[in-house]
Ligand SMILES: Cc1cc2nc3c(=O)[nH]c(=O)nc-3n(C[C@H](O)[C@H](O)[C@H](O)COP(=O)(O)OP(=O)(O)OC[C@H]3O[C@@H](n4cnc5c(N)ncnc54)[C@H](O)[C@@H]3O)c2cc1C
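Presented below, as C-alpha cells, is a lone chain in the form predicted alone.
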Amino acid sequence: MMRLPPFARLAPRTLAEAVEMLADQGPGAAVVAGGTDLYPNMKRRQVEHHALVDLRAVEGMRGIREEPGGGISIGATTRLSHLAGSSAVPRALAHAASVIASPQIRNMGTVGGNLCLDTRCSWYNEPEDWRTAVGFCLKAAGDVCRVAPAKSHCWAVASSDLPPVAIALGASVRAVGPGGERTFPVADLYRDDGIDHLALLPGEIVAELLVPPVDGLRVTYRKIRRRGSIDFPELGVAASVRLAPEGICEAATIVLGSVASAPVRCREAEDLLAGRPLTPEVIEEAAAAAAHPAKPQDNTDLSHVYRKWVIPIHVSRALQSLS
C-alpha cells in the first residue's frame, strides 16, 4: 500500500490568506482542493511537498456566476460534477467536464485542478521503486528523457480536458499572487515544457475561469481514450467556428490536447477554414492540416503512430458536427 508522506495542511478562509500562507511556506508548498491527482502523485513520491494550502474553505472560489457584462465566471474550486451538470455554461465545456475520469473523481476534482493538472508520462507516473529500477527521467530529477534520450527536453503530456475547450471558447483565467492579480487568456497559462508547464508567477493561485459570451459561436469537444471512463485522453479535440448567415466560416479555432506538454493550436487548419464554407472538401483539407503541428511521443498507453493518425479523423468529425 502506498501511503502519503507527512505534510502540514493549512486551511485559509480567504484567497488573500491562501496567497500569504503559500508565500510563507516557500517553494516546497503547493495548493490543493480535490487532490485527485496531487495525492496519488505524492504517494508515488513523484512530488514532495512539506505543506499543502487547502483551498476548499476559501470564500468565493466555488460556484458558477453570470457576469454583469455577459459571460460567466467559474470558481477554481467548483467541482467538475457541478460544471458537468450546469446549464449555465457552454455545452461543450460541460461535456468536457462530464468525460473527465469517473463520477467519484468528478465529485472531488475541481475546475482549477484540471486547468493546472500536472503533465503525465509512462516513464514518470509510476511508483518510486519502478522508477528507481529503470532510472529516473528529467521530470523526476534524472539527467535524461527516457522518451527521447537524445533531447534535453521533457515530453510529458498535458492530459487535461478543460483547457482545449476553454481556449476554443476564448476564455481567460484570473490568477492572484503576492504581486496582486492578473487576468490573461487560458492559452497563456501553458508552456510546452513537461516539467515547468504552467506560466504562473511564483506564489500565484488560479482563482477563476472567465468564459466570454458565446454569441452564436459553435463549439465541440471530442475525447479519445482506451476505455469509456476513468482514463486520461489519448487525444482531445476542441473546435469552435463562427458562421456567417450564408454559411461562410468567419473564424475558427482548433485545439489539440494530449499530444504535447501544452495544448496545441492548429493555426494552419484555422486559416484554411476562414472565409470558406464548411463543405466536406474544405473540412477534409483543414483536418489534414491539423495534424501538422502535433508531435505525439511514445509516452502514453497508445502508440504515437496511432495518436498522430487519428488526429485528422477526429478533427474532421468535430468540424462536421459544427457545420
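Numbering starts at 1 and follows the sequence shown. Small disclaimer: the values here were computed from a predicted structure and weren't measured.
FYI, the form predicted together with this ligand isn't displayed, but the following is about it.
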Practice item. Report the residue, out of 201, 105, 251, 248, that has at least one non-hydrogen atom within 4.5 angstroms of this ligand in the predicted complex. Key: 105
Study note, to complete from the structure: Note: exactly one of 186, 80, 235, 219 sits with a heavy atom within 4.5 Å of this ligand in the predicted complex, namely 80
Check your understanding: Picking from 109-117, 235-243, 87-95, 211-219, which part of the chain touches this ligand in the predicted complex when contact means heavy atoms within 4.5 Å?
Key -> 109-117
Check your understanding: Is this ligand close enough to 224, 270 and 310 in the predicted complex that each of the three has a heavy atom within 4.5 Å of it?
Key -> no
Check your understanding: Hey, in the predicted complex, is residue 289 touching this ligand, heavy atoms inside 4.5 Å?
Key -> no
Check your understanding: residue 33: heavy atom within 4.5 Å of this ligand in the predicted complex?
Key -> yes
Check your understanding: Is residue 101 a contact residue for this ligand in the predicted complex, using a 4.5 Å heavy atom cut-off?
Key -> yes
Check your understanding: Going by a heavy atom distance of 4.5 Å, is residue 231 a contact of this ligand in the predicted complex?
Key -> yes
Exercise for review: Using the arrangement in the predicted complex, list in sequence order the residues of 146-162 with any heavy atom within 4.5 angstroms of this ligand.
Suggested key: 159, 160, 161
